[in-house]
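The chain below stands alone and is given in structure tokens; this is the form predicted alone.
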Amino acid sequence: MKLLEFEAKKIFSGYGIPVPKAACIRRPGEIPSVLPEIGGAVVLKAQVDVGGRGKSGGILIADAGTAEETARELFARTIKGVPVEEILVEERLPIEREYYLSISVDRSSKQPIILFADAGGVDIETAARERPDAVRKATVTPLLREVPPFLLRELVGGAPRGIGQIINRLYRVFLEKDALLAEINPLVTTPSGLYAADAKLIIDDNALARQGISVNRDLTEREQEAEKYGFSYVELDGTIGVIGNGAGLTMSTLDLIEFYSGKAANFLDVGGGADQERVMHAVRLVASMPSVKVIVVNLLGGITRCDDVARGIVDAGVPQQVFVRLAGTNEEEGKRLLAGHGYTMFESMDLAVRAAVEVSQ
């Protein structure tokens, strides 16, 4: 789950990483009450979960006389389709130099990887692409609670030595907050020292409970519903709903839809041993997607009973056509139940998918 900038900075500050003086507001009228603590020269930052908000008008400069009106203007905007509901009012730093610092997971070594560059800011991706040698990298075993001094020296190079201390503190955040990404871009030098001018923190979804987070804000309402029932569920952008049991079978169904030039609307794996109620919830969940024109249910009955699957489909009572391929335990009973309620059944996954693609187009 991605934290907003003000949430990430609060955590960073708790680990001794310097951050600018700031306050988060929900309405323009709060500006006069926060400026005395922050100062007159401020930056207003829309707290929206999108990348590139600065280039999209989500970061504005103001002073004491214009801050309230600027906040009103920013609250009226949408940044890449996301409405602005919170603004971070932050002191404007006298920046001398910008750096880039991040810690993420290196999938190949299965260890934290630290990236540091002497140039930070909004164009770091371009700089890294054009000059790969500008980004210094180091992997660290998570068994270590601190980054070894020799690695810090290699990472920091000729940059201010105080950055090494910030790298170690960010590394502690990364480990202790179960992060997938901890990033400061830019990390800036000012006449009064180093500051995290921006902050990004992404928490592993599997560790949210351990971190005291009860709701994953990154999930849509349907994804939250799927999580409640324990479905493996991913929303896509097509028109054919897909329900299977087992990741391999469900992925094969998606692949076959693509092969026949169709577009899947989702991936939903109900898991093994799905009962009548579980199947009913799965079908209703997929049918609730506005884009879904037809649903393919492709299940193999082992510990899952085909007659239970059939009852679940019937109980769902969705308006879309449901094309069903069932095979395995109590297969004939399941087919009989579905036939009695007018559902279309197919002897193979190939036939079911081809029919669904035809209807969707």
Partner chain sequence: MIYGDRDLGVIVQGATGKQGVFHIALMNEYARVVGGRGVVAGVTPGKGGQEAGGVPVYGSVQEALREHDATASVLFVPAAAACDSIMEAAHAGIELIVAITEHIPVHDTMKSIAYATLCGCEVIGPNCPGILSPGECKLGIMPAHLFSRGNVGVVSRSGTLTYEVVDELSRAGIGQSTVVGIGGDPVIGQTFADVLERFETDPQTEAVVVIGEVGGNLEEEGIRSTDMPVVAYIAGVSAPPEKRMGHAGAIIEGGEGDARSKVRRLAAMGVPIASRPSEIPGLVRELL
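Positions refer to the first chain, counted from 1. Just so we're on the same page, rigid core means the largest C-alpha set that superposes within 1.5 Å between forms. Since this is a predicted model, take the numbers as computed values, not measurements.
What comes next is about the form predicted together with its partner chain, which does not appear here.
Asker: Report yes if all three of Glu7, Arg161 and Ser214 come within 4.5 Å of its partner chain in the predicted complex by some heavy atom, otherwise no.
Answerer: No.
Asker: Have a look at 177-185, 150-158, 86-94, 70-78 and name the one stretch with heavy atoms inside 4.5 Å of its partner chain in the predicted complex.
Answerer: Residues of 177-185 come within 4.5 Å of the partner.
Asker: Is Leu254 near its partner chain? Define near as a heavy atom within 4.5 Å, in the predicted complex.
Answerer: Leu254: yes, in contact with its partner chain in the predicted complex.
Asker: If you check in the predicted complex, is Arg325 within 4.5 Å of its partner chain, heavy atoms only?
Answerer: Contact with its partner chain, yes.
Asker: Considering only heavy atoms, tell me if Glu235 and its partner chain come within 4.5 Å of each other in the predicted complex.
Answerer: Contact check for Glu235: yes, within 4.5 Å of its partner chain in the predicted complex.
Asker: Met349 near its partner chain in the predicted complex, any heavy atom under 4.5 Å?
Answerer: Yes, Met349 is a contact residue.
Asker: Which one of Leu300, Val43, Val314, Leu35 is close to its partner chain in the predicted complex, taking close to mean a heavy atom within 4.5 Å?
Answerer: Looking at Leu300, Val43, Val314, Leu35 one by one, just Leu300 meets the 4.5 Å heavy-atom criterion.
Asker: At 4.5 Å, heavy atom to heavy atom, what parts of 244-262 sit next to its partner chain in the predicted complex? List them in sequence order, or say none.
Answerer: Stretch hits, in order: Asn245, Gly246, Ala247, Gly248, Leu249, Met251, Ser252, Leu254, Asp255, Leu256, Glu258, Phe259, Tyr260.
Asker: Would you say whether Ala22 is displaced between the shown form and the other one, judging by a C-alpha shift of 2 Å or more on the superposed rigid core?
Answerer: No, the C-alpha moves less than 2 Å.
Asker: Taking the rigid core as the frame, does Arg53 move its C-alpha by 2 Å or more between the shown form and the other one?
Answerer: No, its C-alpha moves less than 2 Å.
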